[in-house]
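This document starts with one chain, in the form predicted alone, laid out as structure tokens.
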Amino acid sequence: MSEKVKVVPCSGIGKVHGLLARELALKVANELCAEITETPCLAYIVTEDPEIKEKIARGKCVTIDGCPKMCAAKSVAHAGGDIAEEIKIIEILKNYRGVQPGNATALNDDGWKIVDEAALKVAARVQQVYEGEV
């Protein structure tokens, strides 16, 4: 597969779950899988920008949502994207019961630890998606 995997986080403004989703996506796309990913802007996807719709329609997508409303996944699907993996921050946080990762504007050390650990797992899935295993 030569098309880059699109990693799309929710906007999640106002909640730490959204901040975790965005930081996780950036860690994967900018650091761990920079050569095989890109992060199209969710706002352009929602507004059905023709260039982004065309880009979304090519290749596979991995969405990362902070809350159960799944805005990133729903928006990508509506734009015609092929979602290979839906990552849910709420599911990730089940492994960190009782931990307070920060607030809507800043992660604390525990929040960054969650991002770092989850990013390794998501990066492995993104690699599988890129290689056509998913």
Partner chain sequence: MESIGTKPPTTPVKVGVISCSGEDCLGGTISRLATRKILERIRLGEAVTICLPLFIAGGEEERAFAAVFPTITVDGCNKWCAKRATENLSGKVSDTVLVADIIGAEVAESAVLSTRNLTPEHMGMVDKVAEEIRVKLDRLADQNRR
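Numbering follows the first chain given and starts at 1. In this text the structure is predicted, and so the values were computed from the model without any measurement.
Absent from the display: the form predicted in complex with its partner chain. The rest refers to it.
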Check each of Val46, Ile92, Ile83, Leu32 and return the one that places a heavy atom within 4.5 angstroms of its partner chain in the predicted bound form.
Val46
Taking any heavy atom pair closer than or equal to 4.5 Å as contact, tell me whether Gly59 reaches its partner chain in the predicted bound form.
no
So, Ser75 and its partner chain: in the predicted bound form, are they within 4.5 Å at any heavy atom pair?
yes
Can any non-hydrogen atom of Leu42 be found within 4.5 angstroms of its partner chain in the predicted bound form?
yes
Should Leu19 be counted as a contact of its partner chain in the predicted bound form, where contact means heavy atoms within 4.5 Å?
yes
